[in-house]
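Take a look at this single chain in structure tokens; it is the form predicted on its own.
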């Protein structure tokens, strides 16, 4: 038995395996709900209702999806060129740190001038953080999976040191958190009185922008070529290392926007628990979207809906919220298998 690549897979071949993967995920989740003593149809209905059943629930889902769109795009961009960025969590905190440094009164400017500067600075911070593993890979052949993963722990410890030291809010009653952003550094709400902010719109614009880059630009073509076959791309004259560095800069900048949107849009200050794992969840989002930037938006809404709906479901049906984690883990594993089946066929020697 061996795997044989399919040169031109049909549309059905591309769509059926992912659809089966999601269906199987729902079936497995239903079985787990039954084992927990709940009606599976009731549990799934409560998840949908909790995520999309009211204006409040829908807006909370969109809020939760916002950082996932950014981190999903960051992973999708990097993985498309086979640059394995596992460090979106660190890049997220780099963007959040830069937002706090510039947005707590250091630049007493009006919003129209301050917000673009903070956005640009956040992007540069995330891009620089991923540039280091990119240079280690291109110059010395160091595995970026290891370096980007380790940067998550290193940078989080660095943030912890800052929050216990120079960035600690003297008015925070001893809690390790930064000072709050000035009003001019906050992202305004899309709807008055509700939590949804313009970071969600920025995420949608970013998704469209990444799609344009990947499908309508020379860089996008080079990224796809490098990801498909480095040797062939090099033979065609594509500068492999330069493309990987550009990919890393774009990926790190996108992940940093997740930190900016969380601090400027929702939290208002930097804390050590700013992200409950948005960087890691971005990997799931990107894989569910098959690395398609527009698909990332849909996948992020799906994942956010599961998390938000699971919280509501847990209270109503007395089922652990860990069911959501299991659903996402199973969905990721099955989606990886679906991608393989869409591109390869099993043949007997």
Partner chain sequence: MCSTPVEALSLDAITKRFGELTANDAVSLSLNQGEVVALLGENGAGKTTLMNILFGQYTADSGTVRVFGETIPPGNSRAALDAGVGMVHQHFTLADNLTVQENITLGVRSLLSLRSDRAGARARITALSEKYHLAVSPDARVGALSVGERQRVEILKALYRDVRILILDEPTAVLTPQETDDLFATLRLAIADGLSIIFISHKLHEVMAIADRVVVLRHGKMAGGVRIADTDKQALAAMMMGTEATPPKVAKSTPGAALLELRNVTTPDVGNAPGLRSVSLALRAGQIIGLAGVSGNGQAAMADVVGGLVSPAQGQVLLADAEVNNWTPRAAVQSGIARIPEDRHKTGTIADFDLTENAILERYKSADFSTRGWLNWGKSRAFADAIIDKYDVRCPGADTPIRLLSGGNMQKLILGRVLEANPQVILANQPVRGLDIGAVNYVHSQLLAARDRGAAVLLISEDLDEVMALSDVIHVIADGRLSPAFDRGQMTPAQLGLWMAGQGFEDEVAHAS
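Numbering follows the first chain given and starts at 1. On a predicted model such as this, the values are computed, not experimentally measured, just so you know.
The same protein has a further form, the form predicted in complex with its partner chain, not shown here; the description that follows concerns it.
Although the partner is absent from this view, residue 237 contacts its partner chain in the predicted bound form, with a non-hydrogen atom inside 4.5 angstroms.
Although the partner is absent here, residue 224 sits close enough that one of its heavy atoms falls within 4.5 Å of its partner chain in the predicted bound form. Not displayed here, its partner chain is approached by residue 216 to within 4.5 Å at the level of heavy atoms in the predicted bound form. In the predicted bound form, its partner chain lies farther than 4.5 Å from every heavy atom of residue 160. Within 4.5 Å of its partner chain in the predicted bound form, a heavy atom is found for every one of 212, 232 and 343. Of the listed positions (228, 146, 154, 205), a single one reaches within 4.5 angstroms of its partner chain by any non-hydrogen atom in the predicted bound form, namely 228. Partner contact region in the predicted bound form: 216 to 224, out of 71 to 79, 216 to 224, 260 to 268, 185 to 193, criterion any non-hydrogen atom within 4.5 Å of its partner chain.
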